[in-house]
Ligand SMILES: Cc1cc2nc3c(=O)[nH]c(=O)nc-3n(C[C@H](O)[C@H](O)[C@H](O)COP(=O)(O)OP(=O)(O)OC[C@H]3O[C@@H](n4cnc5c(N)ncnc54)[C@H](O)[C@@H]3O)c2cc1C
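Listed next as structure tokens is one chain, alone, in the form predicted on its own.
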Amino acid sequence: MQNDSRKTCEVCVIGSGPGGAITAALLAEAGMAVILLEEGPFLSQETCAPFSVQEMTMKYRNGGITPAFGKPKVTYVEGCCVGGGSEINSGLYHRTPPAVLESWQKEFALKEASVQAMEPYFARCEAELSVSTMPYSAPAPSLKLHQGATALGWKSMEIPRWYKYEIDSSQASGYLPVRQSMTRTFIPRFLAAGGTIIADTKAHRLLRGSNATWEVNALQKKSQEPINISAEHVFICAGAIQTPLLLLRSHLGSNVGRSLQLHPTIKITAEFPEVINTKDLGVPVHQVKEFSPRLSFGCSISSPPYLALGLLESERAEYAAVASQRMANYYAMITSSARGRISSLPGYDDPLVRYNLQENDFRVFKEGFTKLSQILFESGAVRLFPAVQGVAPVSSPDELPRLLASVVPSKTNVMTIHLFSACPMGEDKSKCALNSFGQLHDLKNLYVNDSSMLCSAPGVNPQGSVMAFARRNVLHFLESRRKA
């Protein structure tokens, strides 16, 4: 390295979320000199309470509220810290559904992505992340969802999580759950293998360097000092918004940022007659999959700040402070075929993100509100607060027509925590920004290895898919180098 502002390495990995962390760790463990560049700070899980206002301020981009413009706007969430989304999410784990893998192979000419081909990658990730179900009873709000769905004859299940459960007699359950986020798993492995992390530093542009290298131009956020990294290979793993933004700003690639997909989600805050919510509630783990992938239901984080957010549309946010122990947040998530667009604006650091829901999406939303309300009333809820502007609480199934009449784009609060597909992979160059193993078409030594690469909405929490494909792509990269 020539000086503090200029660094060299074999591989620069940009972004340290689930895709970037596993990429960096496997490359470093293979003996390569790797720099991991992260825009956000390096914070341990113990820095702040999970699902708190402090966590939203410290670990989320823009405090957790960023809009994708459209009819209606969709609020989306991005992690911005070492470990990315794994440091702030619920840790629920799914494999990519077989039907989705089959569609990706047919529609995008994605190679080596069958259920059989992907099995070892999923299995290895599950072992390394300690993916498992809870060894004790699920939280009460989670059981409410399960009980209501079961009473209606609908398929409901506990979803496994990437958690370890340490025996601890001081806990009411007898266990201490420890989330196996990137800062507890692949980041320590990366550092132990000799990797270097540069945090609080944002990559702004990629340029072709001399001798077929890549130059990463970055800026330290606190000092505003530039850092330039010269690397033989670059893996961009900054997420479904920031990855295409960096490529667009660098004028690299085709089919970049034109096919953003997400899981549009609507919410209901439910009030029950008894206490169901306590300070040590933890993460709800049940989901209703009777109608998936078109429509899924779950129980969301229900700490007081999140309850207050859920009640904003009904202008009863202050009620969360009074009744929080009797309330919980629930959601209906749909799989939409709509595709959004990410644009780089000259002179602006943030992108313009546009995403327009389709007419059919609102028909599915109405169905979602109806079915979720049925589940909650069946489980004993006495009042429902839908995230629809100007709609009074619903106290019985007879009042649902009043709610459904208001489910229109101008009034419905739509959000998402799942974003993907902005740089899809596959051999069909008319659709795909990347080849089947994450390399940008017609650009050597430049890869994308995060949720951007997923071909379309998987219909389930995407982190399992991201990590399995990221592992697959890195191992393919290493094997290709060995054979070269």
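Being a predicted model, the structure only gives us computed values, none of them experimental. All residue numbers are counted from 1 along the displayed sequence.
There is also a form predicted in complex with the ligand; it is not shown, and the following applies to it.
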Legend entry - Of 124, 411, 164, 202, the one that lies within 4.5 Å of the ligand in the predicted bound form (heavy atoms): 202
Inset, instruction - With the ligand left out of view, choose which of 417, 432, 28, 457 has a non-hydrogen atom within 4.5 angstroms of it in the predicted bound form. - result: 417
Inset, instruction - Choose one stretch from 223-231, 85-93, 364-372, 271-279: the one whose residues place a heavy atom within 4.5 angstroms of the ligand in the predicted bound form. - result: 85-93
Inset, instruction - Determine whether any heavy atom of residue 40 comes within 4.5 Å of a heavy atom of the ligand in the predicted bound form, and answer yes or no. - result: yes
Legend entry - Partner proximity in the predicted bound form: residue 239 to the ligand, non-hydrogen atom cutoff 4.5 Å: yes
Inset, instruction - Flag residue 131 as yes or no: does it have a non-hydrogen atom within 4.5 angstroms of any non-hydrogen atom of the ligand in the predicted bound form? - result: no
Inset, instruction - May I ask you to state whether residue 353 is within 4.5 Å of the ligand in the predicted bound form, using heavy atom distances? - result: no
Inset, instruction - Let me know which residues along 442-470 have a heavy atom within 4.5 Å of the ligand in the predicted bound form, or say none if there are none. - result: 450, 451, 461, 462, 463, 464, 466
